[in-house]
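Okay, so here's just one chain, in structure tokens, the form predicted alone.
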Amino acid sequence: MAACSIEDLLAKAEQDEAEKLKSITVQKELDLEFDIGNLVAYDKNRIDIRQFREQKKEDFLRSLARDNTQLLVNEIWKHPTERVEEVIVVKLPEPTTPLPREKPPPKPRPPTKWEEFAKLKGIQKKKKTNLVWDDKVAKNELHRLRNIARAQKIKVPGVGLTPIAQQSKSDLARAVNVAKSSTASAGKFQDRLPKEKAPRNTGKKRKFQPVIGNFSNEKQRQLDLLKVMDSKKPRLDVNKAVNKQMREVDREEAAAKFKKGGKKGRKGGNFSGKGKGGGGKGKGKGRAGGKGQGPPSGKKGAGKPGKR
């Protein structure tokens, strides 16, 4: 009895498993009519009354619905497929069965001004990419741009907190200041942390004139601007003109001194002198002296002192 009961249990389990894993092939006397556009199938086969009475109604209807649904799914996958965002879908044909509607179909929405402008200019909407940001690629690109700027001797602008292995205290402070000044008020209304010091070397701040209150200063600036634009003679900068004249005078004096010094250096090219000595007279000019008395040689020689 125990062996029979075990065999019955195994047979029942196999039958239940077979019911779950039925074949996708379903046999029908008459083929079903399909309207794939509406995902509808029409079954014109006669229902077996004896089988309907012998089985439970729910089981019979469930089995019939399962077979017809399997045939509908088989017919759907006979149509062309395509891949949309990593999912395979079936392109359904137009429906053939007209279905009644409670309300008329909605009219097409008129294009907006932007859609009309984009169509006129040929602007097409770009699809979002599935690429993921890679920090390593961004870090390598940052280093490459820094190398180019260093080779061309260009100052690299500050970017807040740069992607490096270890951040220093100054880097963190600069990143905090950049984040605070990124608000609409340029960090004017941002609360400070306890014991936080005021930032240093943040650069010059632009000063704007008040938009309310006394407008006399603004009026005077506009009048001065109109005077400059309306005057025929150009505006003279006295300090600039005086400095320019002084530089020209200094340049002329330096050129004159250079010319005088050159003439003095060219005098005294001959080394012969005028005087009596060695039994003869000779005329000449020398560096140390031109006319002078020569060494004693038994004769008197008189001469004039040379000029330097």
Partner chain sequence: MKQKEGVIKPKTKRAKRFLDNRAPKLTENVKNVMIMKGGNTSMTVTQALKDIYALKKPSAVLYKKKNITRPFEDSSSLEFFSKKTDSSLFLFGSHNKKRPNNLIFGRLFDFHVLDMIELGIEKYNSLSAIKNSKCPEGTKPMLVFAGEAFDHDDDHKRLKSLLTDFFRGPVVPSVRLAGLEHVLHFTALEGKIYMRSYRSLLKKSGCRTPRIELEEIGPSFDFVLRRTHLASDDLYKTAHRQPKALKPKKKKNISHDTFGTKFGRLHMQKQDLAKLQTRKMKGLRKRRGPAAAAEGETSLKTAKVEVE
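It should be emphasised that the depicted structure is a prediction, and the values quoted were computed from it without experimental measurement. Positions refer to the first chain, counted from 1.
The same protein has a further form, the form predicted in complex with the partner chain, not shown here; the description that follows concerns it.
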Original post:
Given that the partner chain is left out here, which of Val249, Ala256, Val242, Ala65 has a heavy atom within 4.5 Å of it in the predicted complex?
Top reply: Ala65
Original post:
Which one of Ala173, Ile123, Leu225, Val90 is close to the partner chain in the predicted complex, taking close to mean a heavy atom within 4.5 Å?
Top reply: Val90
Subject >> Options 68 to 76, 184 to 192, 130 to 138, 212 to 220; stretch whose heavy atom lies within 4.5 Å of the partner chain in the predicted complex >> reply: 68 to 76
**OP:** Please run the contact check for Asn38 against the partner chain in the predicted complex: heavy atoms, 4.5 angstroms, yes or no?
**Re:** yes
Original post:
Using 4.5 Å between non-hydrogen atoms, is Arg83 touching the partner chain in the predicted complex?
Top reply: no
Original post:
Does any heavy atom of Leu99 come within 4.5 Å of a heavy atom of the partner chain in the predicted complex?
Top reply: yes
**OP:** Classify Ile24 as contacting or not contacting the partner chain in the predicted complex by the rule of any non-hydrogen atom within 4.5 angstroms, answering yes or no.
**Re:** yes
Subject >> Residues from 91 to 119 in contact with the partner chain (non-hydrogen atom within 4.5 Å) in the predicted complex >> reply: Lys91, Leu92, Pro95, Pro98, Leu99, Pro100, Arg101, Glu102, Lys103, Pro104, Pro105, Pro106, Arg109, Pro110, Thr112
